[in-house]
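The chain that follows stands alone, in the form predicted on its own, written as C-alpha coordinates.
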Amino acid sequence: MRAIARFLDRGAAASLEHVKFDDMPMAPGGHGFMGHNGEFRHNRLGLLAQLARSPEPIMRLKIPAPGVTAAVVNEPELVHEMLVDQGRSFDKSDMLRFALFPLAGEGLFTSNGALWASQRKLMAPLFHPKALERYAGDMVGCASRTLDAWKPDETFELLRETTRLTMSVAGKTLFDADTFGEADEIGRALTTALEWTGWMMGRPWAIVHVLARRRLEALLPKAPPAAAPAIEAAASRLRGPVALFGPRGRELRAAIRRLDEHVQHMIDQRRAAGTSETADLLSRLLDARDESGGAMSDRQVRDEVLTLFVAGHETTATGLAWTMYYACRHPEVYAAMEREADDVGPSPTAADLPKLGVCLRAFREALRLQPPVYMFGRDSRGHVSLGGYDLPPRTNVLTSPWALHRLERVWPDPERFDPDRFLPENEAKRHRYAYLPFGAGPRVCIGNHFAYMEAALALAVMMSRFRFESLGEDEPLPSATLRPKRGVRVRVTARAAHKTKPRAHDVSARP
(Lines give C-alpha, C1' and ligand atoms only; values in the text may rest on other atoms or scores of the structure.)
Protein backbone atom coordinates (compact mmCIF):
# COMPACT_ATOMS: atom_id res chain seq x y z
CA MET A 1 0.00 0.00 0.00
CA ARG A 2 2.95 2.33 0.53
CA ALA A 3 3.71 2.10 -3.20
CA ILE A 4 0.12 3.13 -4.04
CA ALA A 5 0.35 6.03 -1.62
CA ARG A 6 3.57 7.19 -3.28
CA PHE A 7 1.83 6.97 -6.66
CA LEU A 8 -1.09 9.10 -5.41
CA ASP A 9 1.31 11.63 -3.89
CA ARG A 10 3.18 11.88 -7.19
CA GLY A 11 -0.09 12.32 -9.06
CA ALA A 12 -1.11 15.19 -6.76
CA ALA A 13 2.22 16.90 -7.39
CA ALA A 14 2.49 15.99 -11.08
CA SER A 15 1.78 19.53 -12.22
CA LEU A 16 4.70 20.79 -10.12
CA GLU A 17 7.47 18.29 -10.78
CA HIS A 18 8.02 15.12 -12.76
CA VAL A 19 10.47 12.37 -11.91
CA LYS A 20 13.05 11.15 -14.42
CA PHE A 21 12.41 7.86 -16.16
CA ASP A 22 15.64 6.36 -14.77
CA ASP A 23 14.34 6.94 -11.23
CA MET A 24 11.33 4.72 -11.85
CA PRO A 25 11.47 1.44 -9.85
CA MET A 26 12.66 -1.58 -11.80
CA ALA A 27 10.17 -4.39 -12.39
CA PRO A 28 10.89 -7.70 -10.64
CA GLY A 29 12.86 -10.26 -12.60
CA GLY A 30 14.84 -9.19 -15.63
CA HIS A 31 17.88 -11.23 -14.72
CA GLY A 32 20.53 -12.21 -17.23
CA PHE A 33 21.87 -10.50 -20.32
CA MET A 34 18.50 -10.30 -22.11
CA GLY A 35 16.73 -8.82 -19.08
CA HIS A 36 12.95 -8.77 -19.14
CA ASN A 37 12.99 -9.40 -22.88
CA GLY A 38 14.44 -12.86 -22.24
CA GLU A 39 11.78 -13.66 -19.64
CA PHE A 40 9.07 -12.34 -21.95
CA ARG A 41 10.18 -14.74 -24.67
CA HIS A 42 10.70 -17.82 -22.50
CA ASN A 43 8.45 -17.44 -19.43
CA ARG A 44 5.76 -14.87 -20.18
CA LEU A 45 3.18 -15.87 -17.61
CA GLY A 46 5.88 -16.29 -14.97
CA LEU A 47 6.97 -12.70 -15.61
CA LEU A 48 3.38 -11.45 -15.56
CA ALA A 49 2.74 -13.30 -12.29
CA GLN A 50 5.66 -11.41 -10.74
CA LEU A 51 4.16 -8.14 -11.94
CA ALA A 52 0.78 -9.05 -10.44
CA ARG A 53 2.45 -9.55 -7.06
CA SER A 54 4.35 -6.27 -7.18
CA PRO A 55 2.96 -3.30 -5.23
CA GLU A 56 4.48 -0.78 -7.66
CA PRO A 57 1.95 0.92 -9.99
CA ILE A 58 4.52 1.61 -12.74
CA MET A 59 7.92 0.00 -13.33
CA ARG A 60 10.82 0.15 -15.76
CA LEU A 61 11.72 -2.88 -17.83
CA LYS A 62 15.30 -3.91 -18.57
CA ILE A 63 15.63 -4.17 -22.35
CA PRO A 64 19.26 -4.57 -23.58
CA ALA A 65 18.84 -2.62 -26.82
CA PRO A 66 20.31 0.86 -27.41
CA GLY A 67 17.66 3.54 -27.57
CA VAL A 68 14.84 1.31 -26.30
CA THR A 69 12.95 2.33 -23.17
CA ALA A 70 10.05 0.31 -21.82
CA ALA A 71 7.77 0.33 -18.80
CA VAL A 72 4.76 -1.54 -17.50
CA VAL A 73 1.69 -0.09 -15.79
CA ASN A 74 0.25 -2.16 -12.96
CA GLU A 75 -2.63 -0.11 -11.55
CA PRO A 76 -6.17 0.63 -12.89
CA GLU A 77 -5.83 4.37 -12.25
CA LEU A 78 -2.69 4.48 -14.41
CA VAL A 79 -4.46 2.51 -17.14
CA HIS A 80 -7.10 5.23 -17.13
CA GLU A 81 -4.43 7.94 -17.29
CA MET A 82 -2.66 6.33 -20.24
CA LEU A 83 -5.53 4.98 -22.36
CA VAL A 84 -8.19 7.60 -21.65
CA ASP A 85 -6.83 10.87 -20.26
CA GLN A 86 -3.74 10.77 -22.49
CA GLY A 87 -4.98 8.41 -25.20
CA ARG A 88 -3.92 10.83 -27.94
CA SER A 89 -0.34 10.82 -26.65
CA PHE A 90 0.16 7.10 -27.34
CA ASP A 91 0.14 4.96 -30.49
CA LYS A 92 -0.20 1.23 -30.94
CA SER A 93 3.23 -0.22 -30.24
CA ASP A 94 5.65 -0.54 -33.15
CA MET A 95 6.60 -4.06 -32.02
CA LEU A 96 3.00 -5.30 -32.10
CA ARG A 97 2.39 -3.64 -35.45
CA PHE A 98 5.51 -5.27 -36.89
CA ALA A 99 4.69 -8.75 -35.59
CA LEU A 100 1.07 -8.58 -36.79
CA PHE A 101 1.80 -6.97 -40.14
CA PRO A 102 1.84 -10.17 -42.26
CA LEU A 103 -1.62 -11.03 -40.96
CA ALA A 104 -3.38 -7.73 -40.19
CA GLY A 105 -1.43 -5.15 -42.22
CA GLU A 106 -2.87 -1.69 -41.51
CA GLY A 107 -6.24 -2.94 -40.27
CA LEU A 108 -8.26 -1.42 -37.45
CA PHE A 109 -6.32 -3.20 -34.69
CA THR A 110 -2.87 -2.06 -35.83
CA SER A 111 -3.36 1.27 -37.61
CA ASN A 112 -2.73 4.67 -36.03
CA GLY A 113 -3.76 8.28 -36.45
CA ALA A 114 -6.12 9.48 -39.15
CA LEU A 115 -6.29 6.08 -40.85
CA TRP A 116 -7.47 4.42 -37.65
CA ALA A 117 -10.01 7.18 -36.98
CA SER A 118 -11.58 6.85 -40.43
CA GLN A 119 -11.70 3.06 -40.18
CA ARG A 120 -13.33 3.18 -36.76
CA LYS A 121 -15.93 5.69 -37.94
CA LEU A 122 -16.79 3.49 -40.92
CA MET A 123 -17.31 0.33 -38.86
CA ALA A 124 -18.85 1.71 -35.66
CA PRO A 125 -22.51 1.69 -36.80
CA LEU A 126 -22.44 -2.09 -37.33
CA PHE A 127 -21.40 -2.65 -33.71
CA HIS A 128 -23.74 -0.26 -31.94
CA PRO A 129 -25.58 -2.17 -29.18
CA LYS A 130 -28.98 -1.51 -30.77
CA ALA A 131 -27.74 -2.73 -34.15
CA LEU A 132 -26.55 -6.03 -32.69
CA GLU A 133 -30.02 -7.45 -32.11
CA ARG A 134 -30.38 -8.37 -35.78
CA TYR A 135 -27.38 -10.69 -35.44
CA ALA A 136 -28.99 -12.90 -32.76
CA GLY A 137 -30.68 -15.25 -35.22
CA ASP A 138 -27.46 -15.90 -37.12
CA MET A 139 -25.55 -16.43 -33.86
CA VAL A 140 -28.02 -19.04 -32.65
CA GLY A 141 -28.27 -20.62 -36.10
CA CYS A 142 -24.50 -21.02 -36.37
CA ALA A 143 -24.33 -22.48 -32.87
CA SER A 144 -27.09 -24.98 -33.67
CA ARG A 145 -25.40 -25.95 -36.92
CA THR A 146 -22.15 -26.63 -35.06
CA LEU A 147 -23.90 -28.80 -32.46
CA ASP A 148 -25.79 -30.75 -35.12
CA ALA A 149 -22.48 -32.42 -36.04
CA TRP A 150 -21.82 -33.63 -32.49
CA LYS A 151 -22.46 -37.27 -31.62
CA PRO A 152 -23.66 -38.58 -28.23
CA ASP A 153 -20.78 -39.51 -25.91
CA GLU A 154 -18.28 -37.97 -28.34
CA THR A 155 -14.98 -36.61 -27.01
CA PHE A 156 -13.14 -33.71 -28.62
CA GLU A 157 -11.23 -30.50 -28.06
CA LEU A 158 -13.89 -27.93 -27.29
CA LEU A 159 -11.78 -25.04 -28.62
CA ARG A 160 -11.91 -26.57 -32.10
CA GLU A 161 -15.71 -26.58 -31.97
CA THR A 162 -16.12 -23.10 -30.47
CA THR A 163 -13.72 -21.79 -33.12
CA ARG A 164 -15.86 -23.35 -35.85
CA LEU A 165 -18.94 -21.80 -34.25
CA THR A 166 -17.60 -18.27 -33.81
CA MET A 167 -15.85 -18.22 -37.17
CA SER A 168 -19.16 -19.10 -38.79
CA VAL A 169 -20.83 -16.27 -36.89
CA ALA A 170 -18.16 -13.77 -37.94
CA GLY A 171 -18.40 -14.84 -41.58
CA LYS A 172 -22.18 -14.65 -41.68
CA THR A 173 -22.82 -11.48 -39.68
CA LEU A 174 -19.92 -9.34 -40.88
CA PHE A 175 -19.42 -10.54 -44.45
CA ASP A 176 -22.63 -12.45 -45.31
CA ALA A 177 -20.41 -15.43 -46.15
CA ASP A 178 -20.87 -19.09 -45.27
CA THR A 179 -17.50 -20.11 -43.84
CA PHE A 180 -18.75 -23.19 -41.96
CA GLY A 181 -17.29 -25.72 -44.39
CA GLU A 182 -13.95 -23.91 -44.48
CA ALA A 183 -13.77 -23.05 -40.78
CA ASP A 184 -11.19 -25.70 -39.91
CA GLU A 185 -8.89 -24.75 -42.79
CA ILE A 186 -9.21 -21.02 -42.15
CA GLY A 187 -8.77 -21.65 -38.42
CA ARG A 188 -5.50 -23.55 -38.99
CA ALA A 189 -4.17 -20.72 -41.16
CA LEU A 190 -5.11 -18.09 -38.58
CA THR A 191 -3.54 -20.19 -35.81
CA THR A 192 -0.29 -20.45 -37.78
CA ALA A 193 -0.22 -16.68 -38.29
CA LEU A 194 -1.01 -15.91 -34.64
CA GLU A 195 1.60 -18.38 -33.39
CA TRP A 196 4.20 -16.74 -35.62
CA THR A 197 3.17 -13.34 -34.23
CA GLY A 198 3.60 -14.54 -30.65
CA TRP A 199 6.95 -16.14 -31.45
CA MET A 200 8.29 -13.05 -33.23
CA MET A 201 7.41 -10.38 -30.62
CA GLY A 202 10.49 -9.26 -28.74
CA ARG A 203 12.98 -11.26 -30.80
CA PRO A 204 16.26 -9.44 -31.67
CA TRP A 205 15.42 -9.57 -35.39
CA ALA A 206 12.11 -7.80 -34.69
CA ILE A 207 13.80 -5.17 -32.51
CA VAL A 208 16.30 -4.44 -35.29
CA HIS A 209 13.44 -3.94 -37.77
CA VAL A 210 11.60 -1.58 -35.43
CA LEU A 211 14.68 0.50 -34.61
CA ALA A 212 15.73 0.73 -38.27
CA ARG A 213 12.30 1.99 -39.28
CA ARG A 214 12.29 4.56 -36.49
CA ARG A 215 15.70 5.81 -37.61
CA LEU A 216 14.49 6.20 -41.20
CA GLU A 217 11.36 8.04 -40.08
CA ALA A 218 13.49 10.40 -38.00
CA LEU A 219 15.69 11.12 -41.05
CA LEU A 220 12.78 11.85 -43.36
CA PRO A 221 12.00 15.45 -42.27
CA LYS A 222 15.66 16.43 -42.71
CA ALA A 223 16.28 14.57 -45.96
CA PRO A 224 16.89 16.35 -49.28
CA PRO A 225 13.80 16.26 -51.51
CA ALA A 226 15.54 13.93 -53.94
CA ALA A 227 16.26 11.35 -51.22
CA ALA A 228 12.91 11.54 -49.42
CA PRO A 229 11.02 9.06 -51.66
CA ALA A 230 13.68 6.37 -51.24
CA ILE A 231 13.77 6.84 -47.46
CA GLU A 232 10.00 6.75 -47.26
CA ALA A 233 9.87 3.58 -49.37
CA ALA A 234 12.49 1.89 -47.18
CA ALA A 235 10.60 2.81 -44.01
CA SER A 236 7.39 1.47 -45.51
CA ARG A 237 9.11 -1.78 -46.43
CA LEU A 238 10.12 -2.23 -42.80
CA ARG A 239 6.54 -2.18 -41.55
CA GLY A 240 6.76 -5.98 -41.64
CA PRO A 241 9.55 -8.54 -41.94
CA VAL A 242 11.84 -8.05 -44.90
CA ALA A 243 12.13 -11.81 -45.36
CA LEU A 244 10.69 -14.98 -43.84
CA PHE A 245 13.24 -17.70 -43.16
CA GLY A 246 13.15 -21.33 -42.05
CA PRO A 247 10.21 -23.68 -41.43
CA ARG A 248 8.23 -21.06 -39.50
CA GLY A 249 8.62 -18.59 -42.34
CA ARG A 250 7.45 -21.14 -44.91
CA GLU A 251 4.46 -22.07 -42.77
CA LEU A 252 3.53 -18.42 -42.37
CA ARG A 253 3.78 -17.72 -46.10
CA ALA A 254 1.51 -20.69 -46.86
CA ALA A 255 -1.01 -19.61 -44.21
CA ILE A 256 -1.13 -16.01 -45.41
CA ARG A 257 -1.49 -17.18 -49.01
CA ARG A 258 -4.49 -19.31 -48.03
CA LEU A 259 -6.11 -16.44 -46.12
CA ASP A 260 -5.47 -13.98 -48.94
CA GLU A 261 -7.08 -16.33 -51.45
CA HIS A 262 -10.16 -16.72 -49.27
CA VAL A 263 -10.59 -12.97 -48.74
CA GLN A 264 -9.97 -12.14 -52.39
CA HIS A 265 -12.63 -14.69 -53.38
CA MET A 266 -15.10 -12.94 -51.05
CA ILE A 267 -14.21 -9.55 -52.52
CA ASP A 268 -14.54 -10.76 -56.12
CA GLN A 269 -17.88 -12.43 -55.42
CA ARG A 270 -19.31 -9.34 -53.74
CA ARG A 271 -18.12 -7.00 -56.48
CA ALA A 272 -19.65 -9.29 -59.10
CA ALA A 273 -22.96 -9.45 -57.25
CA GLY A 274 -23.00 -5.78 -56.30
CA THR A 275 -23.09 -4.25 -52.84
CA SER A 276 -26.49 -2.56 -52.92
CA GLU A 277 -28.39 -5.59 -51.61
CA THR A 278 -26.45 -5.99 -48.35
CA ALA A 279 -25.50 -3.71 -45.49
CA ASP A 280 -22.74 -5.78 -43.91
CA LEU A 281 -19.17 -4.79 -43.22
CA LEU A 282 -17.79 -6.05 -46.53
CA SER A 283 -20.22 -3.89 -48.50
CA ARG A 284 -19.38 -0.85 -46.37
CA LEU A 285 -15.67 -1.39 -47.03
CA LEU A 286 -16.14 -1.76 -50.78
CA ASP A 287 -18.46 1.27 -50.99
CA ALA A 288 -16.27 3.53 -48.81
CA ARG A 289 -14.71 6.58 -50.43
CA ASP A 290 -12.05 8.93 -49.15
CA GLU A 291 -12.19 12.73 -49.37
CA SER A 292 -11.00 12.66 -52.97
CA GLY A 293 -13.56 10.03 -53.95
CA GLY A 294 -11.09 7.14 -54.10
CA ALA A 295 -12.13 3.64 -53.07
CA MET A 296 -10.17 1.33 -50.79
CA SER A 297 -7.63 -0.86 -52.50
CA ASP A 298 -8.10 -4.62 -52.33
CA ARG A 299 -5.15 -4.67 -49.90
CA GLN A 300 -6.89 -2.23 -47.57
CA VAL A 301 -10.12 -4.24 -47.70
CA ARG A 302 -8.15 -7.43 -47.12
CA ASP A 303 -6.46 -5.97 -44.01
CA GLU A 304 -9.80 -4.98 -42.50
CA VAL A 305 -11.48 -8.29 -43.31
CA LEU A 306 -8.71 -10.38 -41.76
CA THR A 307 -8.49 -8.09 -38.73
CA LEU A 308 -12.22 -8.48 -38.10
CA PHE A 309 -12.09 -12.22 -38.81
CA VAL A 310 -9.50 -12.64 -36.06
CA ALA A 311 -11.11 -10.17 -33.66
CA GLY A 312 -14.58 -11.44 -34.49
CA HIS A 313 -13.95 -15.02 -33.42
CA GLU A 314 -10.77 -15.42 -31.34
CA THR A 315 -11.85 -13.89 -28.04
CA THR A 316 -15.30 -15.49 -28.03
CA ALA A 317 -14.08 -18.93 -29.15
CA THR A 318 -11.35 -19.03 -26.52
CA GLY A 319 -13.59 -17.51 -23.86
CA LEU A 320 -16.33 -20.08 -24.48
CA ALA A 321 -13.87 -22.95 -24.12
CA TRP A 322 -12.45 -21.54 -20.88
CA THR A 323 -15.98 -20.87 -19.54
CA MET A 324 -16.97 -24.53 -19.93
CA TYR A 325 -13.62 -25.62 -18.49
CA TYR A 326 -14.22 -23.65 -15.29
CA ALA A 327 -17.95 -24.37 -15.13
CA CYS A 328 -17.30 -28.11 -15.24
CA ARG A 329 -15.11 -27.67 -12.15
CA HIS A 330 -17.74 -25.69 -10.25
CA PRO A 331 -20.96 -27.73 -10.16
CA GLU A 332 -23.03 -24.97 -8.55
CA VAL A 333 -22.14 -22.55 -11.35
CA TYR A 334 -22.72 -25.23 -14.00
CA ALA A 335 -26.17 -26.03 -12.56
CA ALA A 336 -27.17 -22.35 -12.53
CA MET A 337 -26.07 -21.92 -16.15
CA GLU A 338 -27.97 -25.06 -17.15
CA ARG A 339 -31.15 -23.78 -15.48
CA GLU A 340 -30.88 -20.57 -17.46
CA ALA A 341 -30.36 -22.50 -20.69
CA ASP A 342 -33.42 -24.66 -19.98
CA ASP A 343 -35.47 -21.56 -19.23
CA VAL A 344 -34.83 -19.97 -22.64
CA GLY A 345 -34.68 -23.22 -24.62
CA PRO A 346 -32.33 -24.28 -27.44
CA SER A 347 -33.29 -21.37 -29.71
CA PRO A 348 -32.95 -18.19 -27.64
CA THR A 349 -33.49 -14.73 -29.09
CA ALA A 350 -32.11 -11.30 -28.27
CA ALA A 351 -35.11 -10.81 -25.98
CA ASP A 352 -33.86 -13.71 -23.85
CA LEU A 353 -30.50 -12.12 -23.04
CA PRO A 354 -31.65 -10.63 -19.70
CA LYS A 355 -32.45 -14.19 -18.57
CA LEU A 356 -28.86 -15.36 -19.20
CA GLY A 357 -27.12 -13.40 -16.44
CA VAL A 358 -25.18 -16.33 -14.95
CA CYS A 359 -23.99 -17.47 -18.39
CA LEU A 360 -22.73 -13.98 -19.19
CA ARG A 361 -21.08 -13.53 -15.79
CA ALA A 362 -19.36 -16.91 -16.10
CA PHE A 363 -18.02 -15.89 -19.51
CA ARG A 364 -16.78 -12.58 -18.13
CA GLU A 365 -15.09 -14.34 -15.21
CA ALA A 366 -13.39 -16.76 -17.61
CA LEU A 367 -12.08 -13.74 -19.53
CA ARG A 368 -10.79 -12.31 -16.27
CA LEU A 369 -8.78 -15.41 -15.48
CA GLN A 370 -7.61 -16.12 -19.04
CA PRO A 371 -7.99 -12.98 -21.19
CA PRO A 372 -7.17 -13.92 -24.81
CA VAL A 373 -5.47 -10.53 -25.31
CA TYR A 374 -3.33 -10.92 -22.21
CA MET A 375 -0.97 -8.02 -22.85
CA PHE A 376 -0.74 -5.06 -25.18
CA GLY A 377 1.55 -2.09 -25.69
CA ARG A 378 1.49 1.59 -26.51
CA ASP A 379 4.34 3.83 -27.65
CA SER A 380 4.52 7.41 -26.40
CA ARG A 381 4.46 9.88 -29.29
CA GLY A 382 6.71 12.45 -27.64
CA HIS A 383 7.70 13.46 -24.13
CA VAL A 384 4.84 12.25 -21.94
CA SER A 385 4.34 12.20 -18.19
CA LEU A 386 2.73 9.05 -16.78
CA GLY A 387 2.24 8.38 -13.09
CA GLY A 388 4.44 11.35 -12.29
CA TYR A 389 7.37 10.07 -14.39
CA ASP A 390 8.72 11.61 -17.59
CA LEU A 391 8.77 9.10 -20.43
CA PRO A 392 11.24 9.59 -23.29
CA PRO A 393 9.71 9.69 -26.79
CA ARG A 394 8.78 6.25 -28.20
CA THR A 395 8.78 4.60 -24.78
CA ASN A 396 6.97 1.29 -25.02
CA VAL A 397 4.43 1.03 -22.19
CA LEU A 398 2.99 -2.42 -21.61
CA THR A 399 -0.30 -3.28 -19.94
CA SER A 400 -1.20 -6.85 -19.01
CA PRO A 401 -4.88 -7.63 -18.39
CA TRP A 402 -3.74 -11.06 -17.13
CA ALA A 403 -1.66 -9.38 -14.42
CA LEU A 404 -4.18 -6.63 -13.64
CA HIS A 405 -6.90 -9.26 -13.24
CA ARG A 406 -4.77 -10.90 -10.53
CA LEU A 407 -4.05 -7.85 -8.38
CA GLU A 408 -5.08 -9.07 -4.94
CA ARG A 409 -5.73 -5.52 -3.79
CA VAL A 410 -8.44 -5.32 -6.46
CA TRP A 411 -9.57 -8.95 -6.88
CA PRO A 412 -9.64 -10.82 -3.53
CA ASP A 413 -8.58 -14.47 -3.91
CA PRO A 414 -7.83 -13.76 -7.58
CA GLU A 415 -7.30 -17.35 -8.74
CA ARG A 416 -10.79 -18.40 -7.62
CA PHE A 417 -13.46 -18.73 -10.34
CA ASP A 418 -16.40 -16.65 -9.11
CA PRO A 419 -18.92 -15.24 -11.62
CA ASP A 420 -20.57 -13.25 -8.82
CA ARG A 421 -17.68 -10.81 -9.08
CA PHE A 422 -19.69 -9.37 -11.97
CA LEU A 423 -22.94 -8.80 -10.14
CA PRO A 424 -23.77 -5.08 -10.51
CA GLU A 425 -23.26 -4.34 -6.81
CA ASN A 426 -19.80 -5.92 -6.87
CA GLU A 427 -18.76 -4.24 -10.11
CA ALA A 428 -19.72 -0.87 -8.64
CA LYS A 429 -17.07 -1.30 -5.94
CA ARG A 430 -14.19 -1.77 -8.41
CA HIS A 431 -12.27 0.70 -10.52
CA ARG A 432 -13.68 0.82 -14.03
CA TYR A 433 -10.31 -0.07 -15.54
CA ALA A 434 -9.53 -3.04 -13.30
CA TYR A 435 -11.06 -5.31 -15.97
CA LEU A 436 -9.59 -5.08 -19.48
CA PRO A 437 -10.40 -8.11 -21.67
CA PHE A 438 -11.28 -5.71 -24.50
CA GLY A 439 -8.90 -2.86 -23.74
CA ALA A 440 -10.09 0.62 -22.77
CA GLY A 441 -10.40 4.19 -23.96
CA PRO A 442 -10.99 5.33 -27.55
CA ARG A 443 -9.42 2.09 -28.84
CA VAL A 444 -11.55 -0.25 -26.77
CA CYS A 445 -12.47 -3.29 -28.89
CA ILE A 446 -15.27 -2.29 -31.23
CA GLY A 447 -16.85 -5.74 -30.92
CA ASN A 448 -17.04 -6.14 -27.12
CA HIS A 449 -20.86 -6.05 -26.97
CA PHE A 450 -20.97 -8.38 -29.99
CA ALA A 451 -18.79 -10.89 -28.11
CA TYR A 452 -20.84 -10.75 -24.91
CA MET A 453 -24.10 -11.26 -26.79
CA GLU A 454 -22.71 -14.11 -28.89
CA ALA A 455 -21.23 -15.85 -25.84
CA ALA A 456 -24.46 -15.77 -23.81
CA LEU A 457 -26.55 -17.09 -26.70
CA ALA A 458 -24.00 -19.78 -27.64
CA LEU A 459 -23.74 -21.02 -24.05
CA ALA A 460 -27.53 -21.26 -23.84
CA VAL A 461 -27.68 -23.34 -27.03
CA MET A 462 -24.79 -25.59 -25.99
CA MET A 463 -26.05 -26.30 -22.47
CA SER A 464 -29.67 -26.83 -23.45
CA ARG A 465 -28.70 -29.60 -25.87
CA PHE A 466 -25.65 -31.25 -24.29
CA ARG A 467 -24.09 -31.99 -20.94
CA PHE A 468 -20.33 -31.44 -20.73
CA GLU A 469 -17.76 -33.45 -18.81
CA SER A 470 -14.20 -32.21 -18.51
CA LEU A 471 -11.57 -34.82 -19.36
CA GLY A 472 -8.53 -33.34 -17.68
CA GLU A 473 -6.63 -30.30 -16.55
CA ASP A 474 -5.67 -27.56 -18.98
CA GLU A 475 -3.42 -24.54 -18.80
CA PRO A 476 -2.94 -21.31 -20.74
CA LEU A 477 -0.45 -21.26 -23.61
CA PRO A 478 0.81 -17.70 -24.17
CA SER A 479 1.40 -16.85 -27.80
CA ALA A 480 -0.13 -13.89 -29.65
CA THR A 481 -3.28 -14.77 -27.70
CA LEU A 482 -3.88 -16.91 -24.62
CA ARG A 483 -5.41 -20.22 -25.66
CA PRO A 484 -5.86 -23.43 -23.64
CA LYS A 485 -2.82 -25.60 -24.27
CA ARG A 486 -4.81 -28.82 -24.71
CA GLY A 487 -7.89 -27.25 -26.27
CA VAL A 488 -10.18 -28.14 -23.31
CA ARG A 489 -10.89 -31.84 -23.76
CA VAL A 490 -14.55 -32.71 -23.06
CA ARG A 491 -17.08 -35.51 -23.43
CA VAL A 492 -20.58 -34.43 -24.47
CA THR A 493 -23.79 -36.29 -23.72
CA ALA A 494 -27.02 -35.41 -25.48
CA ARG A 495 -29.72 -34.19 -23.12
CA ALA A 496 -33.39 -35.15 -23.32
CA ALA A 497 -35.41 -33.07 -25.74
CA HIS A 498 -36.37 -29.73 -24.24
CA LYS A 499 -40.01 -29.22 -23.39
CA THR A 500 -40.12 -26.25 -25.75
CA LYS A 501 -40.02 -27.15 -29.42
CA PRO A 502 -36.90 -25.59 -30.98
CA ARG A 503 -37.50 -22.65 -33.25
CA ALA A 504 -35.96 -23.16 -36.67
CA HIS A 505 -33.10 -20.88 -37.67
CA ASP A 506 -31.92 -20.51 -41.23
CA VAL A 507 -28.38 -19.15 -41.19
CA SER A 508 -28.73 -18.17 -44.83
CA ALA A 509 -31.54 -15.73 -44.04
CA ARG A 510 -31.04 -12.50 -42.16
CA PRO A 511 -33.65 -11.75 -39.47
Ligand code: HEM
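Numbers for residues come from their place in the sequence shown, where the first is 1. Computed from a prediction, not measured in an experiment: that's the story for all the values here.
Beyond the structure shown, there is the form predicted together with the named molecule, which is absent from this document and is the topic of what follows.
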Region of this chain that lies against the named molecule in the predicted complex, out of 329-337, 153-161, 235-243, 370-378 [heavy atom, 4.5 Å]: 370-378
Give me the residue from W196, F109, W402, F98 that has a heavy atom within 4.5 Å of the named molecule in the predicted complex. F109
Contacting member of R257, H431, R203, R120, with respect to the named molecule in the predicted complex [4.5 Å, heavy atom]: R120
Looking in the predicted complex, any heavy atom of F363 within 4.5 Å of the named molecule? yes
Contact test in the predicted complex: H80 vs the named molecule, heavy atoms, 4.5 Å: no
Considering non-hydrogen atoms and a 4.5 Å limit, does the named molecule approach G357 in the predicted complex? no
Should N74 be classed as touching the named molecule in the predicted complex when contacts are defined as heavy atoms within 4.5 Å? no
Contacts with the named molecule in the predicted complex, stretch 161-180 (heavy atom within 4.5 Å): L174
